[in-house]
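In structure tokens, the next block holds one chain alone, the form predicted alone.
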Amino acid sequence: MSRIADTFARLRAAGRTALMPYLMTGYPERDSALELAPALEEAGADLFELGVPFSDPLADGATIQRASERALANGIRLEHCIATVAELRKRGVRVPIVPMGYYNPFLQYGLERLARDLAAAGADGLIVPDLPPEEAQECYAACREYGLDLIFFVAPTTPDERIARIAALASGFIYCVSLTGVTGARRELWRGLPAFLERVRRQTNLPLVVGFGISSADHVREVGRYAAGAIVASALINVIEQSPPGEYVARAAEFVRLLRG
């Protein structure tokens, strides 16, 4: 059983919703993730989505785009992201870590090399928002060879037959996009979310994790009624961005404690 599968099984037995914060590698400072991740784990994070900065993050809204631009300006490249995973493991982070990035840098790096190096560093999976299932065989094979879960997205606009095709390739969990649009904090969840998640549930037994727009403890609780986990990205990046210098780790940890409720 993978570390991701084990985490969801343990949380399901405890009746808890998985809380998965998103951190951008190299934001706000080059090595900020090395301070943030341990603090957020202690505050209640169950998994981490660790962003790999990219110049054209087409699934992301303004908040994460700014974080990506800052990280790139800080000199962050894919090699540093892999090294960050390894260093987090050395520092005692035990929860699953799932890098999230766009396909072009991964393809340039080499997919088998990427899977090998991520696995050796201690990563548990890979999230690639611009990789459709029709083009995923090479990445799927590399991840499978090195024991990484390849995480796929489904959206409210995804037809049932395509959800079934995605579910046949996916492992770890299914990333369910909670709205039609890009990432970004929202005041309210989409009213059609329960029906959408039920459609996905009919196609897979994998845990369903909801992302895009999850911004508050109320959102996390609501998502937990229908899904196994919630990803909080832009709202957390906003907290970090708005914190005074030297206070962003403590304020981010407090925000995660509030989300955990």
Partner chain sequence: MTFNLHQALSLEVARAGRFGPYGGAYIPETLAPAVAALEQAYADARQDPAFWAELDRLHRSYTGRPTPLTFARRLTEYLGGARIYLKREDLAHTGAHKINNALGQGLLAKRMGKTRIIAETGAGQHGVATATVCALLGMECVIYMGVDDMARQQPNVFRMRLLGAEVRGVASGSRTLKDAINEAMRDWVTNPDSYYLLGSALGPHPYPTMVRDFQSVIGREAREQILAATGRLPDVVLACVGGGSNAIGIFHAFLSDEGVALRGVEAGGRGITPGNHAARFAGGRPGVLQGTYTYVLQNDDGQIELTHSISAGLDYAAVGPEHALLHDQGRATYTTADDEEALDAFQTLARLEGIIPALESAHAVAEAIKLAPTMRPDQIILINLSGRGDKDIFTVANVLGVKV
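Residue numbers count along the first chain shown, from 1. Bear in mind that the values here come from a model prediction, so they are computed numbers and not experimental data.
If you look for the form predicted together with the partner chain, you will not find it shown, but the lines that follow are about it.
Only one listed stretch (50-58, 37-45, 223-231, 23-31) carries heavy atoms within 4.5 Å of the partner chain in the model of the complex, and that stretch is 50-58. Of the listed positions (Val98, Ile76, Leu88, Cys143), a single one reaches within 4.5 angstroms of the partner chain by any non-hydrogen atom in the model of the complex, namely Ile76. Ala136 is the sole member of Ile82, Ala119, Ala136, Leu189 with a non-hydrogen atom lying within 4.5 angstroms of the partner chain in the model of the complex. In the model of the complex, the partner chain sits beyond 4.5 Å of every heavy atom of Thr204. In the model of the complex, the partner chain sits within 4.5 Å of a heavy atom of Gln65. Although the partner is absent from this view, Glu112 stays clear of the partner chain in the model of the complex, with no non-hydrogen atom inside 4.5 angstroms. Contact check for Pro159: a non-hydrogen atom falls within 4.5 Å of the partner chain in the model of the complex.
Taking the partner chain as it sits in the model of the complex, the stretch 97-122 comes within 4.5 angstroms of it through a non-hydrogen atom at Tyr103, Asn104, Pro105, Leu107, Gln108.
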